[in-house]
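Below sits a lone chain in structure tokens, taken as the form predicted on its own.
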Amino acid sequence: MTGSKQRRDPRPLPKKLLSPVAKGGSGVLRFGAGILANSSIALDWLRLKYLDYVPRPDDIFIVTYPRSGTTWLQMILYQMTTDGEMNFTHISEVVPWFEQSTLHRRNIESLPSPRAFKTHLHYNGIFSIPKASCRYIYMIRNGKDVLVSYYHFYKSHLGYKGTFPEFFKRFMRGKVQYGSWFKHVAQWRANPRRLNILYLRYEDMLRDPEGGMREIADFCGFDIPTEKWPVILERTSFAFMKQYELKFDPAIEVLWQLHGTRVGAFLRKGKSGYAKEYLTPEQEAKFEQAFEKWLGGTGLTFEAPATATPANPTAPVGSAGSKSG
């Protein structure tokens, strides 16, 4: 795992690709993120899921609802399974976005083991995650912070011109990319197929990054040398990743450059709890009502630090198998 051979350093991107010049480019990103929106792409997706993707026992799926720490987990898995050098153009070269592989007809069979994929796919439905005897890491973030972060992503990357109250209504109705946050979390928490899932909570990862990363390593069966841990922790810090933001921005991944995309706007804060600066008391009440409907009986909470419990794929997040979930 460690010391895997990396591709040669790519040529630096021309400056003109790093400034918003292509009119209408944000529409391409919308197409990329809404990959399953039409019939031809649906057929490509079905081909990927049932024909092109051949599961391996050591495959790892990083699963999140958007804006829930996906990129952070990609970087963590990359640092754990390679020499960790930053000689890639974009993180999805080494930890691919699974459903977007349909756009590029990427040969995922050529990827070395252990393969790690990121995905925002739902648990159930036609366009759902492949069910296999591999590993799934599902990270949940406080939905209120997801809402605010998604609002800023829509503005910076998708050309959204509406107000926050308007976006709040869309989010609560599930009329955003990847649908309802509540439904997404509820389905994955239920886990009726008893997939091998490690549940993590974003807030706990922020509170104890090393503890969370060590749990990930244990779950994946990685034997990380003691001397490598300081490097992993440093390179997965917000400050380090912010220096290489273009290597993580989905705009660069999809088109290299898109009109209306602000370079340096993808990694915003890497914090939690700032939703209170945006939500009115009425919005807060509506969110809590929906939360109770979908997740009220699951034990999921974001109000207090989690405590460690034995691993259990159906345990409430907040215990999630250990101190980081």
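Residue numbers here begin at 1 and follow the sequence given. This is a predicted model, so every value here is computed, not measured.
One more form of this protein should be noted, the form predicted in complex with a small molecule, which is absent from this view; the next part is about it.
- Contact here is defined as any heavy atom lying within 4.5 Å of the small molecule in the predicted bound form, and by that definition each of 67, 72 and 237 is a contact residue.
- Of the heavy atoms in residue 120, some are within 4.5 Å of the small molecule in the predicted bound form.
- Taking the partner from the other structure, the small molecule in the predicted bound form has no heavy atom within 4.5 Å of any heavy atom of residue 172.
- Though the partner is left out of this view, residue 141 does reach within 4.5 Å of the small molecule in the predicted bound form, counting heavy atoms only.
- Residue contact with the small molecule in the predicted bound form: residue 206 places a heavy atom within 4.5 Å of it.
- Of the stretches 162-170, 112-120, 185-193, 78-86, only 112-120 has residues with a heavy atom within 4.5 Å of the small molecule in the predicted bound form.
- For the residues 101, 180, 149, 156, the 4.5 Å heavy atom test against the small molecule in the predicted bound form is passed only by 149.
- Checked against the small molecule in the predicted bound form, the residues 134, 246, 241, 220 give one hit for a heavy atom within 4.5 Å, which is 241.
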